[in-house]
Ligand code: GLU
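In structure tokens, the next block holds one chain alone, the form predicted on its own.
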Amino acid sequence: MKTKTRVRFAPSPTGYLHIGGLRTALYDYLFAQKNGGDFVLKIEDTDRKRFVEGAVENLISSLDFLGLERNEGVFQQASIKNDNIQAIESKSYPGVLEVGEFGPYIQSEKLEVYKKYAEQLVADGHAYYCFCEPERLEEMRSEQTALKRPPIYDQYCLNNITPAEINAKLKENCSYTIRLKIPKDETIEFEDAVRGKVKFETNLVDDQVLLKSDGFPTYHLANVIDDHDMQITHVIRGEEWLSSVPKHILLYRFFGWAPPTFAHLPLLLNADKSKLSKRQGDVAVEDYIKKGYLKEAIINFVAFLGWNPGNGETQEIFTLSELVDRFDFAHVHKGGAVFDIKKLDWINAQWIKKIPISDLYQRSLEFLQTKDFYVNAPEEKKSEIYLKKILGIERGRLLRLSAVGEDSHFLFKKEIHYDGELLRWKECEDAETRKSLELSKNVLEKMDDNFFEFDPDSQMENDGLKRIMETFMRVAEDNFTDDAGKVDRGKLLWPLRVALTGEQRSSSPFEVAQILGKVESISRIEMAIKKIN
């Protein structure tokens, strides 16, 4: 009988969700979905020095926002969609719920379990008490570094303290840690799902601390026990944990448990190939959400940080379900993956074009509401249909939602202000510029009102815009064609666009005129004529 696939994402609550953490969570999710398995979220909160208040809740919220649904583990009440699910409130984090039969899913709630297993290892001769003071350990490491030796514990407490002395120190409540006893002269081999066969010599592996002096376990002890208790079949994590696998395999052996399959993902790198860090840019998912990157784009981009669909596939825009269908470890890279912000911008731009305009409107509102030109706009320029029309012309050039409206700020104003000299096309005289504007005004006055009416939600072609453009193009040909038959459309369209927008660069005057409407477009042209007069 085939064992059900079970994976876990186990972040530490030391801040916001890191891009590297998101990639691990995403690959966990994709692998579980692809194989009909379970995706578990647990919290590794044993490093109390780095603990950040509110980080647990933020981690859960980020995964929920990005659509990475879990089968069990920790949740917030709002993210549990099935009322029939039995949930237990966390003892450590009010409002956080634990769902599933393999809990606790929060490590700080399992301290007695970890201590029991650590003491079992001591009793079985696979671990030992260490009473070394931090000062001695620091001195030992300094000497080893000076001699260019790897900083490995020298087993002083294993070799120099008798059982009677150990018992006496424990009775006196002396501070201690419990260390793993690494066997000597042994080669540990395992098959990594990404890297293939990997070997380590135990003589180069440190006697790792398993239980700290504060009673909290280290990552190594806790994650092995958790993964066994939760029946995890595949451990997916970053390359930085690869060197820890020998310690974990030994723990599985000493406990008499079968180890899971390991998959170690490549490092994430800055553009200069250094390890991704906040010194060179944002590393928290929250930062990218605040900048207006769509969740679909973030997921799409992060999936390609160390993976590709293979087989010469050129498709780059993937939905989450498409990623599930295509994901496998055979196409996860061994080398580091470069975080290319330009690539993220491009993917985000594709998704902005891809989602329905009504969806784009809802997501854009929170960004618009922070901008002065929107806050100070007349109420009629804040209506849903008007904003959707603006989004319709912006979406083709928009990289991030944080910039929404900025290229169309003139559409939010009742009056626009600019230097009249901007109306001039090349070397045109005032009289010629005035004539051009009056011609545009007359053209607009003769247009039917239905030229300016369109439904931004419709998938149909914008017939009114097409007719506005065709009308102005004909007028340009009729009035600004020289003796050689060359049409200078700029003589008509440049003054028109400046009159409508007050900008050197903007959307086409046809799009702007259609959004402003016939009356306001004519009014802006009349103001432009006054500037020349």
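Numbers for residues come from their place in the sequence shown, where the first is 1. Here the structure is a predicted model, which is why all the values come from computation and not from measurement.
This next part talks about the form predicted together with the ligand, which is not shown.
None of 458-466, 413-421, 236-244, 156-164 except one has non-hydrogen atoms within 4.5 angstroms of the ligand in the predicted complex; the exception is 236-244. Only one of Ala10, Ile515, Ile525, Leu17 lies close to the ligand in the predicted complex, with a heavy atom inside 4.5 Å, and it is Ala10. In summary, among the residues Ser436, Asn348, Asn223, Gln208, the only one with a non-hydrogen atom within 4.5 Å of the ligand in the predicted complex is Asn223. The ligand is not shown here, and in the predicted complex it never comes within 4.5 Å of any heavy atom of Asp38.
Mapping the unseen interface onto this chain, Glu503 falls outside it, with no heavy atom inside 4.5 Å of the ligand in the predicted complex. Within 4.5 Å of any heavy atom of the ligand in the predicted complex lies no heavy atom of Phe131.
Heavy atoms of Tyr219 reach within 4.5 Å of the ligand in the predicted complex, making it an interface residue.
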